[in-house]
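Starting off, we have a lone chain in the form predicted alone, written out as structure tokens.
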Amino acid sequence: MFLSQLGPDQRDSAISQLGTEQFDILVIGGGVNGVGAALDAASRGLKVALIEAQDIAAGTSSRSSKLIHGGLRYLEQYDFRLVREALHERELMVSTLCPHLVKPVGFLFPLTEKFKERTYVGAGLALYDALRGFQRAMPWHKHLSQKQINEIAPSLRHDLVTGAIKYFDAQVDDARHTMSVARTAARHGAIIATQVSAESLIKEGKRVVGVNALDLESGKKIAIKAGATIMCAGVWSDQLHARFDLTPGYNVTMSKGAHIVVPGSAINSDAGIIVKTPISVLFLIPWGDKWIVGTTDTPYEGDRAEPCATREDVQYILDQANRVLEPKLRADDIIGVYAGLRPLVANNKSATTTKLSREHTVDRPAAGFVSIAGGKYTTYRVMAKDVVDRAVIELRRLTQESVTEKLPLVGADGYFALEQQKERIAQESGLDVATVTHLLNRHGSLISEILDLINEEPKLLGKLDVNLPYIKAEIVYAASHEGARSVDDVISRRTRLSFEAVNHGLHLADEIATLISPILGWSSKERKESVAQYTELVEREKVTLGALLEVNS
């Protein structure tokens, strides 16, 4: 009945519908919580619209540690309910909801003391495994000797590490997952439009009955009417509450999480590594042929739109990783740096961010208006259910219950069967098996739409860059099916070239613009402007980081 495709025609139609139709639910914000709420509401049979001022996952939801995990460190805070909830969500994603996107990954917890530490950490990991219940999508933890560790992870210091415990969590391309949730919401009838800003509330008396919005591309003003408005604005929550002249029951404190990306050769290990630090934990996460190392947890009060790592952030990451690594990571190993902002719910702004709860808060500051903030990426589906449960009360009629626990995302259907047919798909498509695997792990069963593009235009079979797995068809597909509206959208979120490619993928910007230009109907001037905007973004990040990135550019 509805299509999951997010493209130029779909956006034009969405803009028209926003101003002419009455919605049950309007969602403000296209991060994972926003698109999750849109999917939850739409799959209940409600008429739903979602607007996002930038791009899907433009903020925190594309800048995480790329982990779907229970939060091992929350056990130390005795937050068993949060850990159990997150582990349940992790199992659902790996086994049912999006197995093509969320993959198990093994982590080593290095031990430096033979008896007491092994007992303590082992008991914690046993509890971690037990809290996930009877579902078993991943293996149990296991104890490893020093000899085994030397074989699995030669980069761990032999003079310091006496053994390790291996346990499993999962990882995800967060921006791709968020976009897939958005496409699933569209598949169930949600009207989705990016580059649309919520400017003010429409009220009848004290009741919120919609939003006055602005299409940032055309400059057109749109009055969107809805029975209930849900705001999922993350780190922009305080700003929007003030814009709407609302007094919320919470404030959002921003905590910055910085990460560095290094080549696969910089760390010799067959598994990820987790290191306990004086204030938190540090993850060394395998990411294709690279490693993501992070994160920090520091208060932040700067630009929400472009959070940047500082030299101190990078030095902290290097120092903590190098406590257990030999040879040590060097600044000139770094090929990428990114930072995200956690929206932590706080009543007291002087609270230190590491002690603030990762749990979420649902608030109703006005009749017809509900907002949510806080939480973990992993539990987005639970958060979406909670905020929609509260919002539907505003509709003053009976509504259906949430069904997202048993609703796979687009691309999940048939994925396991396709995984077993990789060789045949490769043979029939002309792609190599490695590329088919890459496509299945990014698109799942929607790989058929990529192959259709290649059949129509065989030159799209070629790789964008010989050193990277992306093919040209994926770039076209980003604009035709995945809602990309700019070079930045493609480089930073539909792919991860911004931190995977040399020099932030700047050398690929022109070709990417050329590939998406016909889809987006750009003039030559518009194409050049999109390249220039991405170039300026990269230059700003380089300036902020200073000499550290200049060494690596």
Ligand SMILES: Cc1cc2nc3c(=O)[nH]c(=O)nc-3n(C[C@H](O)[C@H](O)[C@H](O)COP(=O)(O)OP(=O)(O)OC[C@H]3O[C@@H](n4cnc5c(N)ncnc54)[C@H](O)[C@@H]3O)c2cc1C
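If you're wondering where the values come from, they're calculated on a predicted model, not measured in any experiment. Numbers follow the displayed sequence, beginning with 1.
Another form exists, predicted in complex with this ligand; not displayed. Remarks below refer to it.
Looking at residue 60, you'd find a heavy atom of it within 4.5 angstroms of this ligand in the model of the complex. Residue contact check for residue 236: one or more of its heavy atoms lie within 4.5 Å of this ligand in the model of the complex. Contact between residue 32 and this ligand in the model of the complex is found at the 4.5 Å heavy atom cutoff.
Residue contact with this ligand in the model of the complex: residue 257 places a heavy atom within 4.5 Å of it.
Annotated contact segment (heavy atom within 4.5 Å of this ligand in the model of the complex): 368 to 376, selected among 386 to 394, 97 to 105, 368 to 376, 272 to 280. Only one of 196, 179, 226, 478 comes within 4.5 Å of this ligand in the model of the complex through a heavy atom, and that residue is 196.
53 is the sole member of 497, 53, 516, 46 with a non-hydrogen atom within 4.5 Å of this ligand in the model of the complex. The single residue of 270 to 306 lying near this ligand in the model of the complex is 295, the criterion being any heavy atom within 4.5 Å.
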